[in-house]
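Take a look at this single chain, the form predicted on its own, given in structure tokens.
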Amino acid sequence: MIRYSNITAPLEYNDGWLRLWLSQKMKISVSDIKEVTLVKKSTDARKKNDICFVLSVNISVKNETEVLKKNKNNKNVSYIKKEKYLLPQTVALPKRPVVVGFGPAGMFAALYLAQCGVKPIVLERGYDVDSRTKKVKDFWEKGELDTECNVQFGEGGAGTFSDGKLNTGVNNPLSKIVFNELVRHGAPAEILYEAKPHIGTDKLSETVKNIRKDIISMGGEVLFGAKYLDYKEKNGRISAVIYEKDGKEFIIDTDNLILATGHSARDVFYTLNDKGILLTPKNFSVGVRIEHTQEELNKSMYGEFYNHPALGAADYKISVHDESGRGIYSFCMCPGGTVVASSSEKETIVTNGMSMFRRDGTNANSAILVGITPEDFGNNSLDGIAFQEKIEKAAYIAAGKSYKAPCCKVGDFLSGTKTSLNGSVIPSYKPGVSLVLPDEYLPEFVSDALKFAIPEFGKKIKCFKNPDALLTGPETRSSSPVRIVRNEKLYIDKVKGLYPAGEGAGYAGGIVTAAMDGLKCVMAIVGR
């Protein structure tokens, strides 16, 4: 198989254009090209009057050896060994392993264990994705929060109600397993080649459902409404897991437990801390969601090409450091999406962003986050949680002690005044918003960092200068404030067979890295 990289293609390119271009560059006939497969596609929008795609493709040709010789001096041409995706071989374990949590880490851990033939048991405190969707809708439309099933808890984890972004800066072969399994279970095939792949909440919901069905078909069990309570150990090794379902306690005998409970399962952190498990505070971020119209963002990013059908909804990734060196950056940018209510505890406000696959909503939103270190909140293991909770409760009070989120216009925030929420951008957050400045619920140093960063971002992206852009907050759950310390074999030193995994345990930063971490823990269990 031949790989041709760094192909500059016009926005209107098609398969015919690509084959002709390759034949000319590689000095072969179009008829010699048997197959062309797209393996990477990104948008180059650095020149607003000349936006293009940059492609890499795999090519199957006649007389491959001769073609490679003919192009040996072309640095963009290389030989690629064709790989076939294979499922793992089966293994044997003395007892069925247990996975707690059915977000990306737990889901991929359970899937791989099932493929290995060891019939895992999954405990998920929230509900299946269909029941969960109804619970989330009740919260967004009626303000009825279920603390056990919400945007944070349930099938698919917090990522189910997001944009389903699969960006990762980690170059690890395990990512191929994650992407291939997502596509195998119904995710769009383009995630295999898009530079910024995403699935969208609508398609992700079906994908996670298909993964669950596959796990069950291989003998695994997925128990919803099953809340992890504790574990038992014997001679320094896991011996059982205790959980609650329908008001009753149950015990499962096991000698391997993957704890993939997510960053919002704060009760799990407290339980582990009480048992003397080593937890350490870690860096995280807090801030707000900024909301522009998608059309305004498209014009800022694409200029005269802003409505070109080949480009779709524009996105961005931006960062700056203030005078003290503190980082402020965009995170979880949701083109054509909405700001969503994401609380998991009563009388708190938490926000996140969500997009459907088509990203065709009126607004674009992104978290604008300020970096937080233990120096900001204390060095005790659970101080970061207390820092988050204080902000979430302050936002609830400031917004009128309801689940309406505090919201204001950027112009008001920067000037320190309150006018109204009437402007060119309409808030997308449900159950609604109240006019509140971030200064009323965020620590002063966080507000000051945001006031520094937003004008700086406006120097790079024009729509950030719009005083009508909206700030809805707070965003506090971008990552875990705690790390559950594990050894080089990925289990906790004190308890062999107890594997903390994923973002909640402090070892990942998104859907893909969390899924990969779940896979790493499984491979440690089965000896791979």
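Given the structure is predicted, the values throughout are model-derived calculations rather than measurements. All residue numbers are counted from 1 along the displayed sequence.
Unshown form predicted in complex with a small molecule; subsequent notes refer to it.
The stretch among 496 to 504, 456 to 464, 23 to 31, 57 to 65 whose residues place heavy atoms within 4.5 Å of the small molecule in the model of the complex is 496 to 504. Only one of 151, 288, 258, 349 lies close to the small molecule in the model of the complex, with a heavy atom inside 4.5 Å, and it is 151.
This chain lacks the partner; the member of 226, 238, 98, 370 within 4.5 angstroms of the small molecule in the model of the complex by a non-hydrogen atom is 226. Although the partner is absent here, residue 165 sits close enough that one of its heavy atoms falls within 4.5 Å of the small molecule in the model of the complex. Contact between residue 366 and the small molecule in the model of the complex is not found at the 4.5 Å heavy atom cutoff. Using a 4.5 angstroms threshold between heavy atoms, residue 314 stays clear of the small molecule in the model of the complex.
Contact annotation for residue 161: at least one heavy atom lies within 4.5 Å of the small molecule in the model of the complex.
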